[in-house]
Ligand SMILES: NC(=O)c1ccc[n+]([C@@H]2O[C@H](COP(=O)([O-])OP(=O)(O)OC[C@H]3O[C@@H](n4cnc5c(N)ncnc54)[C@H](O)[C@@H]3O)[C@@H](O)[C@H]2O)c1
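To begin, one chain is listed below as structure tokens, in the form predicted alone.
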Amino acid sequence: MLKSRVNLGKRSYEIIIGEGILSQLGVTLKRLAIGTDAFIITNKFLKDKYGAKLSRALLKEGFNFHFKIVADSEKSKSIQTASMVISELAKFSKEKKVFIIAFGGGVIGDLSGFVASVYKRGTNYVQIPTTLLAQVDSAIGGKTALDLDLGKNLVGAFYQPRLVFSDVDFLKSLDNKQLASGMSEVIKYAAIKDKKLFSFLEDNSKKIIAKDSKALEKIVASCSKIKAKITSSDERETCGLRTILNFGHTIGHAIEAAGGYCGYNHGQAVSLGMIAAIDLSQRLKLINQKLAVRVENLIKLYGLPSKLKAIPMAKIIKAHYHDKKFSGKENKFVLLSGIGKTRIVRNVSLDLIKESIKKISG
């Protein structure tokens, strides 16, 4: 097993990464002593495919549990779904020492974390991420969120899990689209913080696309370490360091919202957002064309889109005004000044933003 640690004093926790480690979950949870009754939030596919294995791991150590099934859709990150889950959790938790398990991808993790943050003013929860995107990014760091019609992740809280337990075996069942979606976040981490990882992604695409276990462990461990270090230093994005994790997300989130969360998935939207951000970086003379092409080529190498289709620019522009990084009328973009180097730029002109969206328009 590989381990990283998010250091936040009494709220510190481990990120455990390995192949075929789900069977050891019960032992790990028992050592944490966070409760005896697990409320497992997941979707039907994961319950059918892995529910028995997860159940055995919990039963072996004497845990009681209950599965709560929600739809496998971004639309599950809603106030309505959260309310429904909380009601069922309240019924289950009566006279129990309950804790929550988020068993799924980013949607499940965000929803579960939000429910944990508000139920009884805070309930212990653990993340068992099952997608690449969740293992490298969304399961770590304590950001919980729900979407509104106006924009993505506008309701939420910072609430840290007690454990992140990443079994790369789950990644072997991902289809090409899901794997590519996760690779978008991996590319983001490499671009903003790790030149060696960037080169590894360029040189090992065949192994990664073939879901080679060692290659998957490498990228999950590398990204987890970066996210853990950033979260430990800037938990609530008050120092500016954590802001760099939003590279590609300002326009990416706007694309998701403009498409009604049913056009492009998160990873696809972020890949387009990164290309727009790279174009902005070049227009502002932070990078040269050679570097911009290098990043764009890596995005294409993993089957991610580089051109936007069927979403009008006007809708994207309207949605981007609801980005959380706006302060009043002042926007804030995370741009690149080199591989592994970022620059936060405020008050980017609307004309430049439109030109960069034109760059990704098909």
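Start at 1 with the first residue shown and count on from there. Computed from a prediction, not measured in an experiment: that's the story for all the values here. Here, rigid core means the biggest group of C-alpha atoms that superpose within 1.5 Å across both forms.
Another form exists, predicted in complex with the named molecule; not displayed. Remarks below refer to it.
* To do: Check, residue by residue, if Ser281, Glu296 and Ser337 all come within 4.5 Å of the named molecule in the predicted bound form, counting heavy atoms only.
  => Per the other structure, none of Ser281, Glu296 and Ser337 touch the named molecule.
* Partner proximity in the predicted bound form: Phe170 to the named molecule, non-hydrogen atom cutoff 4.5 Å -> So Phe170 counts as contacting the named molecule.
* With heavy atoms only and a cut-off of 4.5 Å, decide whether Leu89 touches the named molecule in the predicted bound form. => No, Leu89 stays farther than 4.5 Å from the named molecule in the predicted bound form.
* To do: Please run the contact check for Ile316 against the named molecule in the predicted bound form: heavy atoms, 4.5 angstroms, yes or no?
  => No, Ile316 stays farther than 4.5 Å from the named molecule in the predicted bound form.
* Asked: Would Tyr50 count as a contact of the named molecule in the predicted bound form, using a 4.5 angstroms cut-off between non-hydrogen atoms?
  -> Looking in the predicted bound form, residue contacts with the named molecule include Tyr50, since a heavy atom lies within 4.5 Å.
* To do: Consider the chain as shown here, without its partner, and state which of Gln268, Gln160, Ser138, Thr231 has a heavy atom within 4.5 Å of the named molecule in the predicted bound form.
  => Of the candidates Gln268, Gln160, Ser138, Thr231, Ser138 is the one lying within 4.5 Å of the named molecule in the predicted bound form.
* Asked: Of Leu241, Leu174, Val155, Leu291, which residue is found within 4.5 angstroms of the named molecule in the predicted bound form when only non-hydrogen atoms are counted?
  -> Contact residue from the list: Leu174.
* Asked: in the predicted bound form, which of 52-60, 24-32, 39-47, 307-315 comes within 4.5 Å of the named molecule (heavy atoms)?
  -> That would be 39-47.
* Going by heavy atoms, what in 205-241 lies within 4.5 angstroms of the named molecule in the predicted bound form? -> Only a single residue, Lys227, comes within 4.5 Å of the partner.
* Is Glu256 one of the residues whose Cα moves 2 Å or more between this form and the one not shown, with the core superposed? -> For Glu256, whose C-alpha is compared between this form and the one not shown after core superposition, the shift is 2 Å or more.
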